[in-house]
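Each of two forms of one protein chain follows alone as structure tokens, named structure 1 and structure 2.
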Structure 1
Amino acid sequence: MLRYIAHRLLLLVPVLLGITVGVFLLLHLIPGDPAVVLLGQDANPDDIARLRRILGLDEPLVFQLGRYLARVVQGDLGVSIFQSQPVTTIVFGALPATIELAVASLVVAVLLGVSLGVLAAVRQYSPYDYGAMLVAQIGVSMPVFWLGILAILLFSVHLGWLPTFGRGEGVLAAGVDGITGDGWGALGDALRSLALPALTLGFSAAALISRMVRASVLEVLGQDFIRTARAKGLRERTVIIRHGLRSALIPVVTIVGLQFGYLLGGAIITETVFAWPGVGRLMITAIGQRDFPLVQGAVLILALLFSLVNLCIDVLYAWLNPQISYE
């Protein structure tokens, strides 16, 4: 197992290198000049040329790429053009909000998706099955930004239950404050602020998970060991949860791992709709400003995080099914 983990970590090097080069080239192909954006359209051409020289944008693209890669190898992702702060400081400052949203959305997706999928499989061809698959179809078809707007109109504007946008104190920090005796009001406010973005983002992921769970559980329920468990007189709930669901979870874990990457990407849109101060909203702002170092650093850090999550998912396979070995 350790050899496999070391091998996967080594494979991260070419993957991250390819992502870094690809993002660098794409950013320099899109229209817009950071110097013009920073100084304005009416700026003196000499001032623009001087700023481009200061930023190193007047050099050939190959030299710029080589210099950037040399800094990345040393752990230096550069300095934001507009915020004049290290990119790592800015991104890691916004990363907790994105991780909080992605984890909360994943919890919503797993709870909702597994529940609907198991219900649909156990009650196959019943109204429960058709209803669960209808909900899944709606989740797959409806864009995240449109679902977010509808959720704001219903739960914030008309009902007034949840905040429209923004993020207060982080859930983890608010929980610590509650434990230390500062009151649980901050935790309640944090959960209320997190509820709408997490439900919006998690609903789409739950749709795909529920369909995968349904297919996996149906396949497992038709196998011999399930019939044997039923013949022993075990309760149906025990047969499904203890014997069937665990065997059906292996392909589902793959989807859940991939959905985490989807949630990180979908958080870009969701954070924009709900004004959530995470890396996604940060990247949207940086792209509009042509802040190349900030966009490149944010994409690289998110890619690294997604790759590490996939590695953890692969290791989890061996725990779910002892027959799987990476040796």
Structure 2
Amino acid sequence: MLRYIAHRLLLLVPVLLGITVGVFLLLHLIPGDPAVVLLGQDANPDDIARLRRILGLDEPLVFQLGRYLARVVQGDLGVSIFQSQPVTTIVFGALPATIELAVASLVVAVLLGVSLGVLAAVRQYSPYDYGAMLVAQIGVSMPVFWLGILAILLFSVHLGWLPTFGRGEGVLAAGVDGITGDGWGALGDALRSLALPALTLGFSAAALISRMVRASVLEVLGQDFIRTARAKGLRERTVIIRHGLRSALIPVVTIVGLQFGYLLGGAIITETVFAWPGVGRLMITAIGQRDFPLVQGAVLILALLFSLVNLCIDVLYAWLNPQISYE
């Protein structure tokens, strides 16, 4: 197992290098002189020259790439043009909000997706099955921003139950406040702000998970050990929960891992819909301001996070599934 993890970590090195080079090339994809594009056609030549120097654009490309890689390895992603602060400070400041949203959405997605999938499989070809799969089909086809807007319309505008925009204190910090005796009001507010974005993003991911779970449970339920369990006279409930689900949910781990990437991508849009102050919204604002060091940094950090989560999921999968070979 340790060898497998070491092997996977080694494989991660070229991927991380590729990601960093890819993100570096982003700035160089800009047609024409990036400094002119950033400052506008009418900019003063001195300003353009100064920005070219700040961005290191006056050096040969290979040299720029070498310098960029060296800086990234040291954790230096440059300085935001617009906010004049280190990119890492800004991105890491927004990261907790994104992680909070992604994790909460993942919880929603897994709870909803697994329940719908199991229900559909256990009651195959019943109205429950058709209903669950209809919900799943709609879920995968709905753009997440539109679902968010519908949720705002219903729960905020019409019913007035939940706030429309923004995030107060983080859920974790608010929870700590509650435990240390500062009252639970902040936690309630934090959860209320989190509810709509997390439900919106989680619902889309739940749709895919439910289809996978349904297929996986159906496959397992047809196998010999399930027939044996039934033949032993176990209750149907025990057969499904103790025997069926345990094996059926192993492949689901992988799809849940892949969903995390989808959630990170979806989070960019969801954060924009709900004015959620995470990395996604930060990135979109930075794109609007043409603050490319910040865009590069945000993309790089999100991609690194995604690769690490994928690695953890693969290791978890290998650990859960005794059939997989570590080679």
Partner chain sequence: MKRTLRRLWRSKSAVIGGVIVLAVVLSAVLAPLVTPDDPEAMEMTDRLEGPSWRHPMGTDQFGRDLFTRVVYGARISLSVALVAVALSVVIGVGLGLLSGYYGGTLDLLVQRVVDIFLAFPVLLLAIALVAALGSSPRNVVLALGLVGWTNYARVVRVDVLALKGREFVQSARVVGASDLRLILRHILPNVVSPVLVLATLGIGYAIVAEAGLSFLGLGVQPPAPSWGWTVAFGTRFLRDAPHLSIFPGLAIMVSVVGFNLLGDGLRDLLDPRSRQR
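Here, a residue number simply tells you its place in the sequence of structure 1, counted from 1. Here the structure is a predicted model, which is why all the values come from computation and not from measurement. Basically, rigid core = biggest C-alpha set you can superpose within 1.5 Å across the two forms.
- Between the two isolated copies of the chain, the second is the form predicted in complex with its partner chain.
- The two forms, fitted on the rigid core, differ between structures 1 and 2 by less than 2 Å at the CA of L258.
- Once the rigid core is matched between structures 1 and 2, the CA atom of L57 is found 4.4 Å away.
- Once the core of the two forms is superposed, the Cα of L11 has moved 2.7 Å between structures 1 and 2.
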